[in-house]
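One chain comes next, on its own, written as structure tokens: the form predicted alone.
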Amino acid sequence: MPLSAANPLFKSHMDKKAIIYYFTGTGNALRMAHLAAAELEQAGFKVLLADIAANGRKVGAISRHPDDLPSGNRGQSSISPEHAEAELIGIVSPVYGFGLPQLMAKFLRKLPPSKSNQKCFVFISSAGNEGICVMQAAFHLKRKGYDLTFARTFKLVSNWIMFETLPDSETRKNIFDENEKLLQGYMKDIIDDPSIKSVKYYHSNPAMAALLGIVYYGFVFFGRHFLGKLFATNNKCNSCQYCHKHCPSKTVKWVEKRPYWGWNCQQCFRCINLCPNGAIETSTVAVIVFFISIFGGPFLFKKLVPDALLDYAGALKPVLENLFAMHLVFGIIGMWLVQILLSNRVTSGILPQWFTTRNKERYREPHFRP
């Protein structure tokens, strides 16, 4: 039953402040953030929702229900002036590569220290495995003096359509309904008992956590950069610049009326899933070029360049003789060249139109509009 001003619990929380910081690619984490904010408001909290990737834009007001989900947050992406006064801090984030998105990890590293041991909760939206997300958040928050009292992971719908196929619409609706009930129960626990301490990690096995950590940092330092170079447009692109305007990390540039993906892709999949014309795909040609360049490039280099010639390379000689470094160098060169070709209207028309995502259904949280 909704809390009202006549309810003693409502009165006990009146004038208390809560801030929920979130990052979202296609809306799942935003849905969780809005539901949490609605529960806090019903309990009498003054709530601020802040999109950490809003880049300073002013956006809409908070929604009481995800069926009326607005396009952003109340406030801006920078740390709120009211941050130090908030009794409760919420962190809501998806999982990318078995860990926090780089934008969220960077945000937590820059979070100002807590002067009053502020209480925090962490909600993770996952497609099945949170990896080390809660561990990361707990580490950063504890280091800054915050008191992480509650953490849970919600299994939602994956937007990584490069490798996965979406469940049917009825299954998706059931997933959202089930997680909405779970979240409401969790928020009741957080609101009713401020002293609660319930932080659940997906993996308590240290060996598994270490393995997922290795995978995550491989994704952070290498994977996400190369995977972002696999995007290309098909013949439906009408140069609307939607992907360029709404990229959270601003990695989608605009070159000659075509999108060009830089090296700072978060793998949030907002561009490919939210393109109004379904014009963005994952290029099979780029995948082929990647494997040829990263594996074939060093082999050809060793075969064609005499060892005596390396003596003239000076300080670069150790790099040219290091096999791992050469795989990386040729991978970067190959993906850089293929992205240039795919982003050019003439050359992209010549290359085969092979896409791993052709005819795959796109995904966004049903009411999400960035």
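Numbers follow the displayed sequence, beginning with 1. Just so you know, these numbers come straight off a predicted model, no measurement behind them.
From this point on, the text means the form predicted together with a small molecule, which you will not see here.
Peer 1: I'd like to check something about residue 29: if you look in the predicted bound form, is any of its heavy atoms closer than or equal to 4.5 Å to a heavy atom of the small molecule?
Peer 2: Taking the distances in the predicted bound form, the answer for residue 29 is yes, it comes within 4.5 Å of the small molecule.
Peer 1: Should residue 186 be classed as touching the small molecule in the predicted bound form when contacts are defined as heavy atoms within 4.5 Å?
Peer 2: Residue 186 lies outside the contact set for the small molecule.
Peer 1: Do residue 129 and the small molecule share at least one heavy atom pair within 4.5 Å in the predicted bound form?
Peer 2: Within the cut-off, so yes.
Peer 1: Report yes if any heavy atom of residue 149 sits within 4.5 Å of a heavy atom of the small molecule in the predicted bound form; otherwise report no.
Peer 2: Contact with the small molecule, no.
Peer 1: Pick from 114-122, 294-302, 87-95, 188-196: which stretch has non-hydrogen atoms within 4.5 Å of the small molecule in the predicted bound form?
Peer 2: Flagged stretch: 87-95.
Peer 1: Ok, 134, 157, 289, 108: which has a heavy atom sitting within 4.5 Å of the small molecule in the predicted bound form?
Peer 2: Here the answer is residue option 157.
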